[in-house]
Ligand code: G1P
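So this first bit is one chain, no partners, the form predicted alone, shown in structure tokens.
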Amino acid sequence: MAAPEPIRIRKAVIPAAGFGTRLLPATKSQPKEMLPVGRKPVIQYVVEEIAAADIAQLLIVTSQQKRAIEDHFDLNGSSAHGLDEVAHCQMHYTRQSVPKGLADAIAHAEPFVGGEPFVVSLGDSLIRSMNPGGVLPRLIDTHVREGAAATILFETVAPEDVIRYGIAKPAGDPGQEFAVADLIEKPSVEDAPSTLAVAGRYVFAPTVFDYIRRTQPGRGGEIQITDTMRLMLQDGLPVWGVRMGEGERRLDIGNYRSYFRAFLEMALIDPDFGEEFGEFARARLDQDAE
């Protein structure tokens, strides 16, 4: 009997339906995912990261006033205008008309997924990685090797920042890869089981859709993917974590403080203008210090 073919993950989902209210007025008439960070919009970095992981079928979950995302990735018969790295990708779109949370946005991908495992990459955060291939190949490799129902990327945050994230309770001492015993959404500093925060990248088995249907609305009436994964854990399904490594950082575009920092960081590494911009920034700071 021939050996079964190895599992290959071919599809990715990008939730991009949020209203971006913390970035008003810049997001009044454009999606926050289209805000430029350096010379590209945020979501282009996300799509390029997925394409670099050899995934070419993408579904972007949008909402009202997000048509600019579709227009941006419309090649119009050409791979020009800086989209060469994603020109081979097959882009699909669906709408989450009512904002019911991240788990509900992912649920809209069930027909697209077609019973296959898939990647989820949030459309408002990018991962800067100095490592060849980035984070997604490691996340996928762990998911397949461990036969996981869900695999999550984590970053280490400052203890006082755990109140802003979903936080992992590892099963034992966490290495670069670890089994997850529990997930706590926005715990207090005193109750946080670790400083490992969910970093906006996941791999799911298709069984996640059954668990989303079982997930009850939480804070604000939204269905949270953290609650979905806790149901998986309660049923004994394996959930794994992968830590971001040295030379890897998540750049979030959730508010102006993080957006300004992300823009500065990506502008400083621009191959054409980064050095010049860095000199300008240093001179400007020195001028203010006088």
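Every value quoted in this text rests on a predicted model; they were computed, and no experiment measured them. Each residue number is its position in the shown sequence, starting from 1.
Keep in mind that the form predicted together with the named molecule is not shown, yet the notes after this line are about it.
Although the partner is absent from the chain shown here, Arg22, Leu122 and Gly166 each have a heavy atom within 4.5 Å of the named molecule in the predicted bound form. With a 4.5 Å cutoff on heavy atoms, Gln224 counts as touching the named molecule in the predicted bound form.
Mapping the unseen interface onto this chain, Leu102 counts among the residues with a heavy atom inside 4.5 Å of the named molecule in the predicted bound form. The named molecule is not drawn, but in the predicted bound form it has no heavy atom within 4.5 Å of Phe204. Using a 4.5 angstroms threshold between heavy atoms, Ile140 stays clear of the named molecule in the predicted bound form. Only one of Glu85, Asp182, Glu110, Glu185 comes within 4.5 Å of the named molecule in the predicted bound form through a heavy atom, and that residue is Glu185. Site annotation in the predicted bound form: the residue of Val198, Ala192, Cys89, Ile127 reaching within 4.5 Å of the named molecule with a heavy atom is Val198. Listed stretches are 39 to 47, 238 to 246, 53 to 61, 224 to 232; the contact stretch with the named molecule in the predicted bound form is 224 to 232, by a heavy atom cutoff of 4.5 Å.
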